[in-house]
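Just the one chain here, laid out as structure tokens, in the form predicted on its own.
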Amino acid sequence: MRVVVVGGGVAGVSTVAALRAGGFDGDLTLVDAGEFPYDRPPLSKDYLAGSKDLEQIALQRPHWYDEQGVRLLTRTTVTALRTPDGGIELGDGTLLPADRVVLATGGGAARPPIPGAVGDRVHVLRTAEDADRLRAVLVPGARILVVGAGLIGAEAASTAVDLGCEVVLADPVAMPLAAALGEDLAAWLHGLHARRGITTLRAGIASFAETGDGVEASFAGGVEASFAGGVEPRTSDAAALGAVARAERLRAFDAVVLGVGMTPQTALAEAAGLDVDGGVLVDAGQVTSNPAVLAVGDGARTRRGPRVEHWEAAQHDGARAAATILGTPAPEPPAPWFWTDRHGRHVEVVGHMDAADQIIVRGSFEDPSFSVFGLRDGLVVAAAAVDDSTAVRAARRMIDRRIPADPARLSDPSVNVRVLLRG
């Protein structure tokens, strides 16, 4: 059997790794448009800060592909799926035959339809090339506006202030990540920005305009602001805020970073007539509407749920796709997990906090490390921890194994969280 995987992100590399680990001995090709497959989470952190180079964030060692019998085609684009005849067409016109194709095409950085959002001073952060361009402007004293306070935007803002930039972070949502973290922890995490000197605005963006002094942003609708230094004037009157903002130099910036999500890259699938709706639609085995084509990672969406963009979810997609191709049972996925690093704090989240009907705080938000557990009907359904990976690992086992939790013991930091796994 010949398998071609299109896309060298974590989903694509996980697919080829799972195939070989599962005993697949057929022809296996991984096609990637970049220099080589690399990890993306460091792009907003260590790579953007310059503390790691591209080779240090490679998903696998250079020799790993040869060792695994994977033909790696880099700097190679795919222009068409040639199904049902089999195979894909490369950018140079070469037809690469395949019995099964796995689309791991990921997504591109979203650019909302804001007037002026496309320009040399308006950056996105999805690829190493994006990070290289952005890093060049993150110099001490640079005025940077980050739009979007989710994972990418918040991490980019943290890195920028670490590099000595003057940073403003704008998001129309009052408390980013509240659904995943719970409102109290989300408020604490968002509050780190102001404590590190970042001015946060609750605001949308109406437009950008290039000026001789940089790029000027116009904010939309009602605005609330938390200024660096602990001063927190608030207003719902955009005009009034505008006067304050001008005084605080919150209108003109040397550069803007858009961290407002991603758009799944589905062009190949659409051109091939596959079912697409907010991602390439797949079944529980990652199979698309064409049985010869599977899809994994950020560009795929199951017919029964929303598209998931987290790193580990892409890894599990690859394992399921490999199981389908191998004809073996798909591994049971554990509770969903993701992490973020900002302002020197490591935050991990597992499960679904919005499913909880009871919140338990273990420790204090003033402690060096603490955690928040979400319970429902006496069972842990989620946890979020700051600098406490042990708590999250324990919570994951409690979720996956449906181990009953005692709220009093769970909230007591003197009780070893591992003991709670005994029920």
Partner chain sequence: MRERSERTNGHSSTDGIRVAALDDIPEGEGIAIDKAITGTADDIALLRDTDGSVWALDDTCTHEDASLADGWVEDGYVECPLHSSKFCLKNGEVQGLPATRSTCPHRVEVRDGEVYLFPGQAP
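Please read all numbers here as calculations on a predicted model, not as lab measurements. Numbering follows the first chain given and starts at 1.
Below: the form predicted in complex with the partner chain, not depicted.
Asker: Using a 4.5 Å heavy atom cut-off, which of 114-122, 269-277, 291-299, 336-344 contacts the partner chain in the model of the complex?
Answerer: The contacting stretch here is 336-344.
Asker: Thinking of Y38, L54 and D132 as one candidate spot, does the partner chain come within 4.5 Å of a heavy atom in every one of them in the model of the complex?
Answerer: Checked in the model of the complex: no contact with the partner chain for any of the three.
Asker: Looking in the model of the complex, any heavy atom of R418 within 4.5 Å of the partner chain?
Answerer: Contact with the partner chain, yes.
Asker: Does the partner chain get within 4.5 angstroms of any non-hydrogen atom of V31 in the model of the complex?
Answerer: It does not: once the partner chain is placed as it appears in the model of the complex, V31 has no heavy atom within 4.5 Å of it.
Asker: Please tell me whether any heavy atom belonging to L375 falls inside 4.5 Å of a heavy atom of the partner chain, as the geometry stands in the model of the complex.
Answerer: Heavy-atom contact with the partner chain at 4.5 Å: absent for L375.
Asker: Tell me, yes or no, whether A356 is in contact with the partner chain in the model of the complex, where a contact means a heavy atom of each within 4.5 Å.
Answerer: Residue-level check for A356: no, no contact with the partner chain.
Asker: Using a 4.5 Å cut-off on any heavy atom, which residues of 377-404 would contact the partner chain in the model of the complex?
Answerer: Heavy-atom contacts to the partner chain in the model of the complex: S389, T390, R393, A394, R397, R401.
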